[in-house]
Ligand code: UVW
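As a starting point, one isolated chain is supplied in structure tokens, in the form predicted on its own.
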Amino acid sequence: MSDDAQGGPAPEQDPSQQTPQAEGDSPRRDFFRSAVAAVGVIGVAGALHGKYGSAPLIASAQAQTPAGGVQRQWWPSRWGPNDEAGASNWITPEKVLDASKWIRDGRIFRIGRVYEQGMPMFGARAYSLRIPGGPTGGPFGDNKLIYNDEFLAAEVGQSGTQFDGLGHIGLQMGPDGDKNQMRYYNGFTEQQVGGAYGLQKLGIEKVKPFFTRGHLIDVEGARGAMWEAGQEIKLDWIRNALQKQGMNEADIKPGDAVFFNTGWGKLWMKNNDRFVAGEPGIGMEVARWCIEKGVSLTGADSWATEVVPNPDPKLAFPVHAELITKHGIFNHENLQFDELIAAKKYQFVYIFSPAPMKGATGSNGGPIAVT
């Protein structure tokens, strides 16, 4: 594939001409609801090996998946059979020094959402913050000190702006219930990973902090309108957006982070039902492109980054499985890019340190972009 975005082709088909099924369509909505349970179970056909991908696939290790395809072994990782840090291994001292050269005006942009009651939530997830009493404690001492504490009940790593860890997504490769045939990043099994009080392997505390170059691809701007649920962002649209932003595809280097702005985030706290019912996003074509580029992370202004429902109604979140499970590439969801776009800051330093909650599947937090 060409690395020259300046000569990238114009989009072959406007997504507005696509005809995804309506939001209220029963078969698609029924499939979407079942995806909560199926995301760790339904496989994707085949496996990928780009020039920056994982270790070569081992064809002898395969199993029929519920989707009817063949699942091939994707482990061991390029970083060794015991690695639990995935693509955060790209963030070396050399990478940090190289990324720091992109800081030119010292501006800091918050790209995370505010955590609050009533924000859109996937499935039956919950977020509830309480401050009992008022103040919680005190007064103490002659100076009458008082203080407040909060109690938070939430899927703390999987609500609001959320960073998916490597223990969040896996694939079932054998019979139902066989935990030795449920595989995660680097081939770790559910038997090795699972734990009622936190993951025993691939916990978020194993992820290294991110300080790397970030590239924002504004496909909403390229189209001139918000994309719709079920519309897949194809590679020609990625290249068209890069060209309009004056960016070169060759600028994306191993270890960089790539973000997609679809406009779907405009629904946040305005039409939550529509926001969580589906979304536009990348599909397997762009996932392969990200793998070949060797990115460390993808992210978007939506809750999954990938297109939902998938164009193939038999598959549930195949991009999650391809990037996270098979290649250790992280995903940052429910981001906001309005200020970056208004300032025309499409390239920046992305900074994020996942909260080191031992055994957690993901992380909340406040990612920033520095220009």
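Counting begins at 1, following the sequence as shown. Only a predicted model underlies this, so the values are computations on that prediction, with no experimental measurement involved.
Here the subject shifts to the form predicted together with the ligand, a form of this protein not shown in this document.
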| said: Residue-level question: is Ile169 within 4.5 Å of the ligand in the model of the complex, judged on heavy atoms? | reply: yes
| Would His320 count as a contact of the ligand in the model of the complex, using a 4.5 angstroms cut-off between non-hydrogen atoms? | yes
| query | Would Lys179 sit within 4.5 Å of the ligand in the model of the complex, counting heavy atoms only? | reply | no
| query | At the 4.5 Å heavy atom threshold, is Phe122 in contact with the ligand in the model of the complex? | reply | yes
| request: Please state whether all three residues Glu84, Ser88 and Phe330 have a non-hydrogen atom within 4.5 angstroms of the ligand in the model of the complex. | output: no
| Listed range touching the ligand, judged in the model of the complex by heavy atoms within 4.5 Å, from 93 to 101, 297 to 305, 76 to 84, 128 to 136 | 297 to 305
| Proximity to the ligand in the model of the complex, single hit among Glu220, Asp164, Asp256, Glu249 (heavy atom within 4.5 Å) | Asp164
| request: Identify, from the list Gln231, Gln158, Asn186, Asn261, the residue with a heavy atom within 4.5 Å of the ligand in the model of the complex. | output: Gln158
